[in-house]
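Have a look below at one chain only, the form predicted on its own, in structure tokens format.
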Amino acid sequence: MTKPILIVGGGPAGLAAAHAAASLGHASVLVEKMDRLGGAPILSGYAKLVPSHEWAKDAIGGMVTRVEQSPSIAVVKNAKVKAFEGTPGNFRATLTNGEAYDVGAAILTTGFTHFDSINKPEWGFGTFPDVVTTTQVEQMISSGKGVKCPSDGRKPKRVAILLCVGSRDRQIGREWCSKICCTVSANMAMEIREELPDCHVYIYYMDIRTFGHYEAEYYWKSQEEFKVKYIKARIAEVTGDGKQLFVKGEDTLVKRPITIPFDMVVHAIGMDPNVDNMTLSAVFGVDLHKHGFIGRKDAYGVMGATSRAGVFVAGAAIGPETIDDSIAQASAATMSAIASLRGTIPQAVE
């Protein structure tokens, strides 16, 4: 009998990998550094997910329950992997809680870190309490208390959502598109308008990347049905006078400066590499992508392969990714891991 698979990270990708292994009759050990499974959607209190419109607590919560109830999945929380030694089929993983497991392969599903808007101070976060992030608005919505200005609890009459905060910004070293922000922001704008019909919502953008089927369902629907206003602009700064916030910049379509007052400004924050990636790279002996995500080989040979044989990767650990695609990648990486243990992956390919 082959040894279990080590899965590192208990977010959507990790949960999907563990379930996929169980479905194929293979045992796994799922290690999560936090005290709860579910990753960002649960730990950060996401509201309704794109594109299913299911509440995160239900959709991802159901995945958590399925894993925790599986007899073939050993779940270890509040622990990290501090050592990973051996060769494919015969690895030994030592955890920070003192436990050790003999495993055949590993799948890194360690996800991402939300961009910290403190690194974009000219846009007002950390200076004005009513400048918030998309994650904070998600928490407002999922809590059932609704969208409110943090400074005094009032319902905003005008809201600006600023795209590409921590994405596509060479000045702060973020040279990648975070892939999901445009769609999530369009969805959020519709949720705000649905809750607050008298609230005017503006989305400031460089360009819109609601890829695939999301174009009609989110970009056009938000404008045509929910009357969300889109402004193509280059933002200079966000200031305030104690009563209102002011988004200052240039309307790049008409080439003129604009200043518009708002009650709340929302940063659509991007996806940074997991802050633990340098450590993960050293422990597992895998290369990192030039931007700091975990490096993945091309998908034409072995799905999810890394620079080290027997170690696979999936989801937002490799770069900005949707939840749906993270789940799909994790299932595929699990098949690759099991195939490698069963000797069905040709060595020339791997």
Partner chain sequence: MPIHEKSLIRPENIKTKENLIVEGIDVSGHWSTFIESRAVTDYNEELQEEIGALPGGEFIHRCWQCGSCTNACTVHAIEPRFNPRYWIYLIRMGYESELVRDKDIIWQCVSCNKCTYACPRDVVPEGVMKATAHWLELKGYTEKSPSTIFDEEFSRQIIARGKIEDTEVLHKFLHKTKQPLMQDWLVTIGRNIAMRLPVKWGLKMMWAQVFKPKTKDWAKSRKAIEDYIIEQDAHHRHALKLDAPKSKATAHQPKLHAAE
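All figures in this text were calculated on a predicted structure; none of them were measured in a lab. Positions refer to the first chain, counted from 1.
The form predicted in complex with the partner chain exists for this protein as well; it is not shown, and the discussion that follows is about that form.
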Interface stretch in the predicted complex with the partner chain - options 202-210, 133-141, 86-94, 67-75, non-hydrogen atom within 4.5 Å: 202-210
Non-hydrogen atom within 4.5 angstroms of the partner chain in the predicted complex for each of R158, W220 and Y230: yes
Heavy atom of A236 within 4.5 Å of the partner chain in the predicted complex: no
Contact label in the predicted complex: P257 to the partner chain, heavy atom within 4.5 Å: yes
Residue contact check: G126 to the partner chain in the predicted complex, 4.5 Å heavy atom: no
P261: touches the partner chain in the predicted complex, heavy atom cutoff 4.5 angstroms: yes
Contact residue in the predicted complex, chosen from E195, E215, D169, D276 - any heavy atom within 4.5 Å of the partner chain: E215
Contact assignment for the partner chain in the predicted complex, among E224, D152, E175, E122, heavy atom within 4.5 Å: E224
